[in-house]
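Only one chain comes next, encoded as structure tokens, the form predicted alone.
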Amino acid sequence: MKKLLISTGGGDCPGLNAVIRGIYKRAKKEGGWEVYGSIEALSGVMREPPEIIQLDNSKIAGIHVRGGTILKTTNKGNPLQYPVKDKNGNINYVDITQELADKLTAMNFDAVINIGGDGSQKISQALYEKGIPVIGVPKTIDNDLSATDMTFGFQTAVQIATDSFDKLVTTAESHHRVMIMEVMGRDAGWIALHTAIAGGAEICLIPEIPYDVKKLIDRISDRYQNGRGFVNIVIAEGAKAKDGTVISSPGEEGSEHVRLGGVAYELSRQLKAAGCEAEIRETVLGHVQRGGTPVAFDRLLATMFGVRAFELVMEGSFGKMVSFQHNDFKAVDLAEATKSYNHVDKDSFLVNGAKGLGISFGD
């Protein structure tokens, strides 16, 4: 029997379980494979004793409708920047990918399928360069991987955000308020942009287009007459004013990332300071966008990613990432998959189309 290891890394995402199930069921149909899962990304491999479980029918039955991941996940312990405390208690980040590769080899895994976003696929590339037979599967609700037209989890996050936005529209209208809804999007504004168009927002603020507060005030003023009117704003957590900075706080110990969040309240403060007389309320969706049952499209996309990933294993096409391009499931080199970031193009039809609808980006 050959041995396959599955890992789910980074933030959790609707559809992760569907990928795991797709891989397992395709491997079972092929026969001759035992499928294992590493607990909390590849951290399970590094622990003593290793936290690795063998998957079977009972563990994967019906999991495609569940959010999260049965293998758990973490955005700490990146083997490329692994946190190690020195004798003074200070944390230093070191590269332990060779040690990780040695452990995977010693465990006699014939292939590894690593499910994750940009950071996870950089880990996949590093392991492949050290001789590990690895396949990547793209996962991120931010849709920020450029080598694939779509990542699973994104459509579910947009649906959750749009449902929430629809509810805020009615209360904004009832009270003549400005409602600010903050969504995820550290460096890319895809969730905010899609939600703004689908929900009919008046203002959409994304990381790629720094905003001018005075122009936002002008747009808000256009919506109010004699104290009546309402405005709904969608803002990505990584958005910032033209002369401002991203709102963040220190990340948790063991994570190389700062924690974003709170830009909705900063925008509210900026608007009030600039003379906005309307009542303003803020809503931060936060991790609600990551949870719950994946929508049908994400289940389909994730399942087919899993099937294609295992087929790449059978073909021996390692060092690749599964990609969804032009309504087909293909494979791209991991190096190509992580070469560039999928930012929203401010000159794209989607942005210009939104502006054509009257949505302001504050630019």
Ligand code: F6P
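Start at 1 with the first residue shown and count on from there. Owing to the predicted nature of the structure, the values given are computational and were not obtained by experimental measurement.
Below, we turn to the form predicted in complex with the named molecule, even though it does not appear here.
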Report task. Identify, from the list Ile132, Ile160, Met181, Met184, the residue with a heavy atom within 4.5 Å of the named molecule in the predicted bound form. Result -> Met184
Query raised in the report: Pick from His287, Lys215, Lys85, His176: which has a non-hydrogen atom within 4.5 Å of the named molecule in the predicted bound form?
Result: His287
Query raised in the report: Are any of the heavy atoms in Asn232 no more than 4.5 Å from a heavy atom of the named molecule in the predicted bound form?
Result: no
Query raised in the report: So in the predicted bound form, does any heavy atom of Thr140 sit within 4.5 Å of the named molecule?
Result: yes
Query raised in the report: Should Glu237 be counted as a contact of the named molecule in the predicted bound form, where contact means heavy atoms within 4.5 Å?
Result: yes
Query raised in the report: Should Gln270 be classed as touching the named molecule in the predicted bound form when contacts are defined as heavy atoms within 4.5 Å?
Result: no
Requested in this report: Sort through 194 to 202, 275 to 283, 141 to 149, 163 to 171 and report the only stretch with a non-hydrogen atom within 4.5 Å of the named molecule in the predicted bound form.
Outcome: 141 to 149
Query raised in the report: Looking at the named molecule in the predicted bound form, which residues in 52 to 80 have at least one heavy atom within 4.5 Å of it?
Result: Asn75
